[in-house]
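First, one chain by itself: the form predicted on its own, in structure tokens.
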Amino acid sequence: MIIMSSVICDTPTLAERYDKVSNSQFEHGKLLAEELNIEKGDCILDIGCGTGRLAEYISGIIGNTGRIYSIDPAEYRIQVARKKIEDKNHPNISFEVGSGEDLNNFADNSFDTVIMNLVFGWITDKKTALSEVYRVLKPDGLMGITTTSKGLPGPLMVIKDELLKREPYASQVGSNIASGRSITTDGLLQLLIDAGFGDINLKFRRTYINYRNSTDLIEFIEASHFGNYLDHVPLYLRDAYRSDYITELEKRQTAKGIESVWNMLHVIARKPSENVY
């Protein structure tokens, strides 16, 4: 089975930390849920649910007559999600290890809405994933995506790209893994069109987050990347790269902390009704 990304570097500690530091992801997910007009009684699929914060929020919207199925390839994050709802009354929510590229456990035309909140960049086979989402959506169902765009890097991503152009990294690292995960806005729109989606609506949102210091920011990055954020750097260069990156971050330290800018795309796409020709 194809999985969305390598999660072998994830740990229980990183999963627990992510649950505590993923406020920015959670807030974008809440906005996406609002844009999708999720209602009581809806059947939802949350792909790349992480530790389940957004799924738990949505479960309160759809009520006991609705259902949200939540999948993620990172087993430790699913464990955190399950643990959080053990003592709560959430009969309408489930968490399972699973991949966006393989939705064989779900029948055709099953879901009113499919959500991919800040996970699309991690999906290896985006074409297959969108085909699977299209299949499991009901006619007239909606898919919502929040993602970064390759053409709209935030300042901290620019720092990484500039650092990788220096020696010894330039001749040893090659292409930046983050750039490989990203997709251009035009590329994303073309994939959606090729998959059969229509009524595509795209919004750009810029958000600002201040981290107290470089330690807080690095911990956020490590937790958000399953421990993989340096996997594009050879092992023997990672300590030096991490040190150089922290140095560059600390140059941007102010009384308010280190500012991170997120340039986000919110995309809503509809599976056409069966009677649309």
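What you see is a predicted model, and the numbers here were worked out from it, not measured in a lab. One rule holds for the numbers: they count along the sequence shown, beginning at 1.
There is another form of the same protein, the form predicted together with a small molecule; it is not shown, and what comes next is about it.
For the options Ala195, Leu142, Val119, Val80, the residue carrying a heavy atom within 4.5 angstroms of the small molecule in the predicted complex is Val119. Distance criterion of 4.5 Å from any heavy atom to the small molecule in the predicted complex singles out Phe226 from the list Tyr69, Tyr211, Tyr241, Phe226. Contact check for Asn92: every heavy atom lies farther than 4.5 Å from the small molecule in the predicted complex. When contacts are judged by a 4.5 Å heavy atom cut-off, Ile47 counts as touching the small molecule in the predicted complex. Contact between Ser99 and the small molecule in the predicted complex is found at the 4.5 Å heavy atom cutoff. Taking non-hydrogen atoms only, Ser260 never approaches the small molecule to within 4.5 angstroms in the predicted complex.
Residues of just one listed stretch (163-171, 105-113, 69-77, 199-207) have heavy atoms within 4.5 Å of the small molecule in the predicted complex: 69-77.
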